[in-house]
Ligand SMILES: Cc1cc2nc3c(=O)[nH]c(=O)nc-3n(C[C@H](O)[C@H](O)[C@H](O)COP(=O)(O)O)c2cc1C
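The chain that follows stands alone, in the form predicted on its own, written as C-alpha cells.
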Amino acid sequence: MMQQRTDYRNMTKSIHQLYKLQDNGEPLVCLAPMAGFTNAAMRCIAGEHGAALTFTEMTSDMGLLHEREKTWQLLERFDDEPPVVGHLYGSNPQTLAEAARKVEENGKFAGIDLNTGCPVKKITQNGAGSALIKSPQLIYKILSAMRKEISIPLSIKTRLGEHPGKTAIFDILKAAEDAGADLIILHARFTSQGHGGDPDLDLLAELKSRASIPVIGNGGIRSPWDAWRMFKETGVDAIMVARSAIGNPWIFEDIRAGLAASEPPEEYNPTRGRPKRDLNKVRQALIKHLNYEQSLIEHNRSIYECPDRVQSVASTLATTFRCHLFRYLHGLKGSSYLRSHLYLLNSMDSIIAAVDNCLEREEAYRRRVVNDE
C-alpha cells in the first residue's frame, strides 16, 4: 500500500485543474450522486460546508432525449452552487452520447459522469448501472461515444466487480483510459455488497497506482478517520462522501480539517454514532436546507408542468424533505415522537415548530446529563 501522499501541487492533470478549482495542495472532498437526495438544495448546503465538487442524482439518458420534464428537473441547479457534474445512466452508446451532448449544451455543468455502479434492480434489469460491469468493452464504446460529443470533463463511477473473486476494475480502468475519460470514481465495494461491508482499500490503492487519470475514492466514508485512512492508504486524488452526508453537511468541513491536521483524526467508533452538534447550528443548517428545498420546488413549478401541482408547495415540501429531516435529527430526543406525528407536518411553519420542539427536548436532556455529572 502507498504510504506517502501524492504531491498535488505537481500533478500535471489534477481534479483541481479539470474542474478549475483552487489547488490548495490537499485532496478534494466531494458529494456523491444519490438518487432521491442530491438535488440542488442538498448540493447547496453541502457546498457551503466544504464540498468542493457535487454530482446530480442519477439521470436517465432516454428521459433526457424524450424531453421528459420529470427527468430534466433532476438537472436543475442554483447559480451559487459549487461545481456540479451531471450524472447519467443508460446502456446504449448512441443515446448516452446524445444525452451527454444535451447536458453540455445546457451550460450548467462542470463535467459529465457515467454510472456503472448502481446495483438497484430497476436500473440493472435494463442493462444499466452495475450491469455494465460485466462488459468493459461496452463501457469503452459508451465512453468513446460520449467523448466524441462533449468537450467538458468525462468521468465514470463504478465498482470493483460483480462479486469477490470476479474483479473487473482494472479492465474498466483500461476501457475508461482508452476511451478518453478524464477521471475514474471507484466505490471500493463489489456489486454483491450493496452498501454494506468494508471497502477494499488494497484494490483501491492498486487502481490508483495503475491509473494515468485521477482517481476519486468512495465507499464507507462515515467520519474524518475513514477519509484520512482511505487517503493515507491509497493516495487517491479526492474523497467522495455519500450517505453520511445526508442530514450531516458538517462532515465535509470535518474531513477537510482532519486531512489538514498534523495528527490522524480520532478513530471512528460506530457505537458512538454521529458527533453531537451545537443545536443552534443544527437548526440553522436544517432551516436553510428547508428554504433551499422550497425555492427549488417553486422554481421547478415555474418552468415545468410538474405532476405534483395538485399539491400545494407546502405539502410537497413536507413530503420531499422528510428523508432529510430525520437525518438532521437522528439520535436527538424527540425525534421518534416527531416521526410518529408526520401527519402534522403539512407546512413550513409546522415543520419548523416540530424541529424546535425536538431541539428543545434534546437541549433539556443535555442539561440534565451535565447536572448529573
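Given the structure is predicted, the values throughout are model-derived calculations rather than measurements. We number the residues from 1 along the sequence you see.
Heads up, the form predicted in complex with the named molecule isn't pictured, but that's what we're talking about next.
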item	value
Heavy atom of each of Ala35, Asn115 and Val241 within 4.5 Å of the named molecule in the model of the complex	yes
Close approach of Ile133 to the named molecule in the model of the complex, 4.5 Å, heavy atom	no
Touches the named molecule in the model of the complex: Leu325 (any heavy atom, 4.5 Å)	no
The named molecule contact at Gly220 in the model of the complex, heavy atom, 4.5 Å	yes
Any non-hydrogen atom of His163 within 4.5 angstroms of the named molecule in the model of the complex	no
Single option in Ala318, Ala52, Leu329, Met58 placed near the named molecule in the model of the complex, where near means a heavy atom within 4.5 Å	Met58
The named molecule: the contacting residue among Arg256, Arg77, Arg189, Lys208 in the model of the complex [heavy atom, 4.5 Å]	Arg189
Interface segment, criterion being heavy atoms within 4.5 Å of the named molecule in the model of the complex, picked from 68 to 76, 170 to 178, 211 to 219, 296 to 304	211 to 219
Residues within stretch 67 to 97 having a non-hydrogen atom within 4.5 Å of the named molecule in the model of the complex	His87
